[in-house]
Ligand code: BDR
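First, one chain by itself: the form predicted alone, in structure tokens.
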Amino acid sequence: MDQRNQQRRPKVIIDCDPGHDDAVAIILAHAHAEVLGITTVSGNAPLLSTTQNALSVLELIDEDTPVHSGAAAPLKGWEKGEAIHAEGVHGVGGLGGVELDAPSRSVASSDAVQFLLTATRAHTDVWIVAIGPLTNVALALQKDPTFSERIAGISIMGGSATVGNATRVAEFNIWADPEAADVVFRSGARLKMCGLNLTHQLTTTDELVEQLREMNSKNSIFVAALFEFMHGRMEELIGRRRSALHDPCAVIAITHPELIVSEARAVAIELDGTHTRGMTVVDERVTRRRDPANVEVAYSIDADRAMSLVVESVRN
């Protein structure tokens, strides 16, 4: 047994937009943390789809964690307040290429923000694992600024200290709602940022897919199908059958922080640039730094040990 499982598991709320890698992050978190609830947000797919996907994944893994649906559009909408989705990567419904049974239960509420506030008043030392656009978290901070003071922190899959994916310099989760990201990054909460510069170090392969299939559990077969779809999509997009496993990194940053090397940095969100809107502007200067560090930026991960955690989490 993982030694950490013999100790007190960290309390987490997963704010997500499933999404293939979100699904893996949900499974991983239930294996290594006390998951108080899941809040859903529009992102990889529309809110109705991301919420149903979260419920279906929980049903697959036999967990009754409450799901609270949240924001269907960004704080300051793009044209007419419409949300941006990633159907080009994840398919129209968010879990393209993978079939899950329709969930037999429904959401606990349609007020993710109130759940975030209520749960963090009832429990101490709660980490928010934010692996979609940051709209729900920003709304919670706007409704109750003391939210930032009573949580343990926010572990974010988002941003980048190098290049982007939605644009040349912007990562999708930040780019989909940069105003929300700006609220979060200026909140004073403890922030961990697992950006693309880190998550591209944790990649899946066809050999891993075969390993998961040979395990022959319902969870491993499901995750193998997720990876297989993403490999096909990446082959179409970039000519390579490998896929970065983004969202689980933000879980690992809380459950197994020793696997990640981070540095304190000042990070700001670009809101206005014609070519840079949604960029996480990281101050990498060695000298002449003026702004205080507000984010623990992750730079490296022990990919072998991290992937072993993923594999073990789907063994049953």
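A quick note: this is a predicted structure, and the numbers were derived from the prediction, not measured. Numbering starts at 1 and follows the sequence shown.
Below: the form predicted in complex with the named molecule, not depicted.
>> Counting any heavy atom within 4.5 Å as contact, can you tell me which stretch out of 239 to 247, 97 to 105, 146 to 154, 213 to 221 lines the named molecule in the predicted bound form?
In response: Answer to the contact question: 239 to 247.
> Would His90 count as a contact of the named molecule in the predicted bound form, using a 4.5 angstroms cut-off between non-hydrogen atoms?
Replying inline: Judged by the heavy-atom cut-off of 4.5 Å, His90 is in contact with the named molecule in the predicted bound form.
>> Please tell me whether any heavy atom belonging to Met234 falls inside 4.5 Å of a heavy atom of the named molecule, as the geometry stands in the predicted bound form.
In response: Met234: no, not in contact with the named molecule in the predicted bound form.
> Is Trp175 a contact residue for the named molecule in the predicted bound form, using a 4.5 Å heavy atom cut-off?
Replying inline: Because no heavy atom of Trp175 falls inside 4.5 Å of the named molecule in the predicted bound form, the answer is no.
> At the 4.5 Å heavy atom threshold, is Ser187 in contact with the named molecule in the predicted bound form?
Replying inline: Although the named molecule is absent here, Ser187 would stay clear of it in the predicted bound form, with no heavy atoms inside 4.5 Å.
>> By the heavy atom within 4.5 Å rule, which residue out of Leu117, Ala225, Leu196, Leu208 makes contact with the named molecule in the predicted bound form?
In response: Flagged contact: Leu196.
> Are there residues in 16 to 47 with a heavy atom within 4.5 Å of the named molecule in the predicted bound form, and which are they, in order?
Replying inline: Asp17, Asp21, Asp22, Asn44, in sequence order.
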